[in-house]
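Just one chain follows, in the form predicted on its own, and it is written as structure tokens.
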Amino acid sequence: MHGEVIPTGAALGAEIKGLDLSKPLTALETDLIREAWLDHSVLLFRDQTLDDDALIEFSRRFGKLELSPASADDAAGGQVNSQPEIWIISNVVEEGQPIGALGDKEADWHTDMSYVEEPPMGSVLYSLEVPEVGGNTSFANMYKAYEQLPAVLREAARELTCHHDSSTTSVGETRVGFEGVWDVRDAPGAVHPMVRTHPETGGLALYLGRRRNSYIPGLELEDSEDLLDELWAHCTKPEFAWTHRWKKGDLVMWDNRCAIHRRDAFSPRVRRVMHRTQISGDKPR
């Protein structure tokens, strides 16, 4: 068996060296990756050379793949050149049309697609073209964020739910087919426990989705806003985070059940092309 797991030394994340993901993985190698993923929440594989078929085959080792959100609606960001399981994340425009989604803006802290009833358990992102400066991705450990909440707040969070808005993307754009949200209490989307139990590790993690347009049912609006502000200020502290600076050929996979992430903005004059898959999950509990 090949593969060496090297922790980042930060609150989460590890690099796995010695594996060529373009080749079929053995059962032992797959087990190594899965165990490291559960231990570290985010994994990095450098210097990979993958086509879309190989990316899909690798991702399927860890669960059923979802069709990309934009594949279901081409107006949501191109995707005409991708397979149904591949979501293109890019700022590139060709012949007046974007080839992908999310552009070059900063992406706020979020968990992927937490606004659906069964959010994806994991995301896999592979870099084909990256700028020399900007576009870094940061991750935060929501196990540790929960563990280090003050005891009173920790217990309160376990009794609460959070409403996750589906109308707005992580870069602040209104999704196709949705209207702007004027009152967060009326926003579309799913309601999930504010603290979820990881179905594989049994660990407890804050599960907040994203800050924009979220709401805590049962609280007065002002109280909900104040508590959400306090929780987000806490969970995005530097001591819970690790930042990845992308190179071409990097593949990163993360566990949406216990980690949040964000992206730095970058110059619209440079190209960034990433291909992403999403692994199906279950209803948070």
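Values in this document were obtained by computation on a predicted structure and should not be read as measured data. Numbering starts at 1 and follows the sequence shown.
Keep in mind that the form predicted together with a small molecule is missing from the display, and what follows is about it.
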**Fill in**
TL;DR on 51-59, 216-224, 30-38, 246-254: the one with heavy atoms within 4.5 Å of the small molecule in the predicted bound form is 246-254
**Request:** Indicate whether the small molecule has at least one heavy atom within 4.5 Å of a heavy atom of Ile89 in the predicted bound form.
**Result:** yes
**Request:** Find out whether any non-hydrogen atom of His110 is located within 4.5 angstroms of the small molecule in the predicted bound form, and reply yes or no.
**Result:** yes
**Item:** 4.5 Å heavy atom contact, Gln83 to the small molecule in the predicted bound form
**Value:** no
**Prompt:** Taking heavy atoms and a 4.5 Å cut-off, does Thr137 contact the small molecule in the predicted bound form?
**Reply:** yes
**Message:** Quick check on this chain: which one of Leu204, Leu102, Ala157, Val181 has a heavy atom within 4.5 Å of the small molecule in the predicted bound form?
**Reply:** Leu102
**Message:** Please tell me which of Ala190, Ala187, Leu125, Met194 lies within 4.5 Å of the small molecule in the predicted bound form, judged by heavy atoms.
**Reply:** Leu125
